[in-house]
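A single chain, nothing else alongside it, follows as structure tokens in the form predicted alone.
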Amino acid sequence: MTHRIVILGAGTGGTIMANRLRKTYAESEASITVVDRDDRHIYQPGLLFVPFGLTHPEDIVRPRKRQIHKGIDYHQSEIDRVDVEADRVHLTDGTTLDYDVLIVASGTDLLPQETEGLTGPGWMEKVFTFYTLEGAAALEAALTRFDGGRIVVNFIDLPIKCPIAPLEFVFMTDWYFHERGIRDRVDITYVTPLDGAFTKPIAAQSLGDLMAEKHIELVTEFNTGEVDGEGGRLVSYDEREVPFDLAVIVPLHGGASFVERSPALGDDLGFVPTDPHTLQSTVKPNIFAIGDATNIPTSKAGSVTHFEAEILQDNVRRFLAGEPLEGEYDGHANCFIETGFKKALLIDFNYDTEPLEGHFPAQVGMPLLKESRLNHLGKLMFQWFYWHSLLPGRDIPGIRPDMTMAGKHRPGE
């Protein structure tokens, strides 16, 4: 019997899983079909660098089909819905795909229309987002023209892809205007619905201190209800206001639209309810999810997808073999945080342990929660690893999917 595996989404998670599973099964043992709506794979961490002229759109986009190994079928179409009971996917081009295992890797969609005024007057003129290729390119032109005033960076609410990216943007903005020699004419404000610069206390303190050193204003517990592009102001639900001359907004995120059209597949936000350790959906045993498409309580970040993939590869094999699944994923995530001036921080954490100081991946390695040139080089090198190691489904030597305390220490130790 040939197993039928269908993967919805050819982004980071879908591509890694397709390539890993092709190594697990010969073509006679399993057919693997990947579905996505276009043939444009974007290296999303690169979007941060586009507004500052450090990379260009054409440098971070490659065809999806070229990232997928031989022996995997790529089907380009919008997804209409999943019939969970019938184990069948309906595509908008009329194709139906039956499956023995379904992996939802459809990521998350931006929902700017959900915030009053965000896409109204001023959109892509003085109100931008760098979370899309088009938005990042438009923002580059706007920053080039900007010669003084107040820049406000705000994410509307969690969850969002790469929660540290808005922080990176404010640090890079500080560097950018220093480079142009007009930093004294630019006020930078970071507006967040959180009660600090980050979700975890130790990292929040470190990042908040760094913002203060760089003279970046931090406005906390601000729940944006309206973006008034014409009047140049953010308005919170409790009627506080933050004025701006240029606003960089990370819109609300939600699950892929087909998830909402598929009865029982998703939650109220369109994400797939998923066991946080096995990555099996709670909807039906033969459905799994990976990356941003899940509702698991960890960051929606590329590193999470990479660490999940190794566990999910084995659990899909176990499921099809009729073996018990292993709940090995511990929420492991790590992220480089660009801070400008060719430096970066690195954080490493999981469900139970917040980012700590020390080194990664062991006693000798890249410094954690400290600015360094080595971390900056690590962030730049990651793009090569992404295309040539992670997407092809290879492991990085010395980097485990579970978080280790090696090299870390708690405050006071």
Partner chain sequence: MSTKTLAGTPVDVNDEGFFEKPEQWTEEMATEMAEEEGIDDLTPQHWQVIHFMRKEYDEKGTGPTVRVLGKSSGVSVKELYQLFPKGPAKVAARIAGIPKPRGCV
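Residue numbers count along the first chain shown, from 1. Only a predicted model underlies this, so the values are computations on that prediction, with no experimental measurement involved.
The same protein also has a form predicted together with its partner chain, omitted here; what follows describes it.
Contact check for residue 205: no non-hydrogen atom falls within 4.5 Å of its partner chain in the predicted bound form. Interface residue remark: residue 257 is not counted as part of the site for its partner chain in the predicted bound form, having no heavy atom within 4.5 Å. Its partner chain in the predicted bound form comes within 4.5 Å of a heavy atom belonging to residue 157.
Under a 4.5 angstroms non-hydrogen atom cutoff, its partner chain in the predicted bound form has residue 223 among its neighbouring residues.
299 is the sole member of 334, 315, 299, 274 with a non-hydrogen atom lying within 4.5 angstroms of its partner chain in the predicted bound form.
Only one of the listed residues (116, 147, 184, 213) places a non-hydrogen atom within 4.5 angstroms of its partner chain in the predicted bound form, and that residue is 116. You can rule out all but one of 306-314, 174-182, 139-147, 106-114: in the predicted bound form, only 106-114 has residues with a heavy atom within 4.5 Å of its partner chain. Every residue in the set 238, 252 and 269 has a non-hydrogen atom no more than 4.5 Å from its partner chain in the predicted bound form.
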